Every structure is written in C-alpha cells, then in structure tokens.
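Presented below, as structure tokens, is a lone chain in the form predicted on its own.
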C-alpha cells in the first residue's frame, strides 16, 4: 500500500532525489508523506499530511548522500503529521519507514515503554525504530539489530531503516514488496565487485562487472526507473544491507547470505509517464490501442502448456481480487462457452475456505496486476500447502507472485500508475480468452479474433468517440445512483463497471446480472434512473433486451453499450462486434465514462480517496 523509497551512494542530492522518486509512487498512498536525509552529521526530517506531488523537491536540496522517503496509506493511526513516516529512535540516529502492519505492536510498545522509550504517534510503525535502537545498544551492529527486531514482528511488512552513524540503509520484507535498483557507472570494471562483493557483498551478478555508484530501495520500480533499469529482488523473509558501495542480501531468520543476480527491466521511462494526458487513467485507457496486442503476443507453446494443465488437472480454480477478480469471473464464461470446461472462480480473500477441495492434482490460476496482492499470495500458499500447481497471470515480472508461482504468463501492459486498473484488465481478459481457445484446440482462431478486436479498438478510441463520452458524462454527472446490467461474460463486466464508477467518481453504482433484477434490485428503479446495459451479438442478446425493457417499463433511462442500436435504448454507446471478445470491447467505454464522470465532478481519477494501487495488507 504505502510507497517506500531510499537511496545511498555517490550522489549528493539524495533528499531531492527521493522526493522526486516518491512522486512516482504516490499511487501507493497519498494520505501523508515524509522525508529524512543526512547532511553531514545532522538528520533532516520533514513530514506533512497531503500529497507529495504538490511538494517542491528543491526544498530538500541538502548535501546528503543518504535519504529515505515515504508516502502513506493510513492503517494504524489517523492522517496526521505526527503519524506520518519516517519515525525516529529516541536518540534520533535511526529513521524508519514502513509498509504493512506490525500485528503485535501493542505488546512490543508496552515492553519498550517499560525500558524508558517515549512514543509520539498512534502508529504501529513507531515501535520499529525504538526496538532497533534497543537491539543496537546490545549488539553494536546495525544490521544485526534490524534482524533481531524483525524476528519479533508478526504480520506482513516491508521496512527501510536509515542509520546516521554507519551511513547505512537496511531493508527487510515479509509479504510487502521491496526492490533494489543498482546504479552503475558507465565504465566497465571487471575487477570490481560490481554487484558489490565487498563490505557489504553480493555475488552472482553480471559476468562483466561495473563500478557501483549507489543503490536505490523502493516498493516499486517507477521510483528509480529514471536512474537505472537494473534491479535485484528481495524475496519474502529477506533483508538487505547497503552503504552505497556494496550490498548484502541475507535470510532474516538465519542470517545466511543469499546471492542475487541483477535483472534488466524492459519498461521505459516514457511508459511510466503520462505524457500529454492530464491524468494517468486516461493515458492508460488510451494505451489499450497497443497493450491488448502485447497481451495477445504470447508464446504458443506456453499457452498450449497451460491448456494441457487445465485439461489434466483434477479441479482448476481462478483467483483474483477486485478488478482482476472480475477478469477471473469472465474467464469462467470463456471456459464454459468456448471450451465447454468447468473452472471455478473464488475471490482470493475467500479462497482459504476452499482448501478442503484442493489436491496435489489441482491447478490454481491467480491473476494480479501488481503481483503483490496480499490475499492472492495467501491463496497461493494455501494451494502450495496442498501440493497444488500454481500458474500466475501478472503484469509485473519479478513480482512476489511471479517468483512464487510454478509458471507465469505476463500480460505486458506496461506500468499502470492510476489506482483504477484499466489496461491491465483488458490484458488479463485477452490472456484468459487465449487459454480458453487453446483448451478448445482452436488457439489460432482465438488469436485472430483478438488481433481483429485490437484493430477495432484502435478505430473506436478516436477523438470524436472520446469527446462524445465526455459530453455524456456532463449529462449524467449529477446522478447519484447508476445501475449496470449484463449477462454471460458481460455480467462480470457490469460488476467491473460499477467498481470503476464507484472508485473514481464516487457515484453510487451497482452491477447486476440482467436476469436477477426482478428478484429484488428492480425496486430501486425510479423515473429517470440511469441504467447501462452491456450487450453483445450472442446467445443472450434477446434476454438482455427483455431485461432492459423491464427496467424501462419502471421509468429507467436505458444507456445501451452494444454493436447495434435497439429501440429500448434512450442513449446508445456504439462498440464493435467482437464475438467472444465482447467483454473486452464493452468495458472500455465505461472506463472512459468513469474517468470523465470523475473529472466533471471535480475528483482526481488517479488517486481516489481511501484507495491505493497495490493492496499488500489483508
């Protein structure tokens, strides 16, 4: 949830650097922010409520080579300046930023108070620097003190600790993501420990080593992508120590060194920026002109291998959260209609209750944009405990889910910065649809359908089309209730449509299966209530038109999203005819509409209230 960023190395503008990098992580939390940087012997700390994006980074132009910064999504303690990170030890030599929850913080806090530690905030995080301080008094070794402290913590967390005396950063993670960025000089130095094989050390990096200028530690790659695309990943239960010259990865429990290789990230800085668009959300919606095609560009061998695994498994489950969960729901219909195969969907947060059905021959397919979703990771571990095989469909290569799965398929959507997921969803749908066609021994037809759909989407997302949706948003911006109906694979898209409208515009929106209206929800309909009907040219078209007519008879204003215009529509949003890929096509204009509803209502669609991009706590 929260954004973590730190730097130690040769640069002398570390304060400015971490503030600028943190702005690229603001999608992870934007309740409050804080920075700590060391200038000479002094530790400068500043923190405040609000968004880091509004802060002038030149205000942190100190002569410092080590700094940490944090943008918060509040869990423990209200959104106040004193609760913002970093938090300090009593002597002010240790500063800590944190993502996650220390579940046993009350017991630790009580013990530390008895030893004379004074606490200023309401947060669980504040126990971390105080406990490290207590351990450091005993060990006189900062890395050992952090390790000892971590052994007492319960829960999922990622921490980054700065120590002014040793000029060292130490990071540790259990459940929440952390990634190291390695900044090399441009001159090869084969004799040097380029991954850093001295004080601290790391082995197993590149064969052609380079001088290291410094190290970045962040909760996500966009924080440092402007400076380096070379990364090293921390796995669960690991910690890392760096003084900017070298680096050491080790196991938290045993202290045993864990060599790491360096990985080159293919994302570009341009992909992670919004360019000429006012918001990331609109930029990412428009990215779908290309991103869906990248998702379709999968290895035929890999897709066929997945299809074979589903065919042979004794029970296949689809698991995801939020928007990814809706992609899994749609895939249930893909597998049923296209491949005549029964596959079960369960929300990741509920999946542990399914462990009774799991066997070693079962297959779990998990879907996640970030690859760090806490509930999905828990579902994977439940399946692994039963010996089941896990396939992950993710956007972020090297993420925790990608590393823990038995095999992965990447959707290749590129960085997604807006909290509301758009292009990742359609990439997930495309990959799942490909698998369904492969399971039906018709992969070529599925690939052709999706590539034709990509071309139609490119034509659809033209300036005139987008302008019309903006005008329609103006027309309905003052509505406080909005309902969306669908059937077959358009039913999960109705639910997803409601999520998109809810989270960015704060309009009360609900999605329903078209046939379920008369079992209760139709009582909500009044004269003029806007209702969106997602329709395709398929076996349920007439059913959906009947459902729309039922709504209209009760006074609803019907907005049809379909390839054809029908008499029941009061407004028509035209979409291409895409056959089994209709779910992909139908959701895109709703994404655009949700975006413009947010803008027209004066909301920030990139950073909706109470939400964060990557849900790394349960």
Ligand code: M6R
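Residue numbers count along the first chain shown, from 1. All figures in this text were calculated on a predicted structure; none of them were measured in a lab.
The same protein has a further form, the form predicted in complex with the named molecule, not shown here; the description that follows concerns it.
With the named molecule left out of view, the stretch that reaches within 4.5 Å of it through heavy atoms in the model of the complex is, among 250-258, 366-374, 295-303, 124-132, 366-374.
Proximity to the named molecule in the model of the complex, defined as a heavy atom within 4.5 Å, holds among 362, 349, 174, 323 only for 323. A heavy atom within 4.5 Å of the named molecule in the model of the complex is found for exactly one of 503, 243, 378, 332: 503. In the model of the complex, the named molecule sits within 4.5 Å of a heavy atom belonging to residue 419. In the model of the complex, no heavy atom of residue 402 sits within 4.5 Å of the named molecule. Proximity of residue 499 to the named molecule in the model of the complex: non-hydrogen atoms within 4.5 Å are present.
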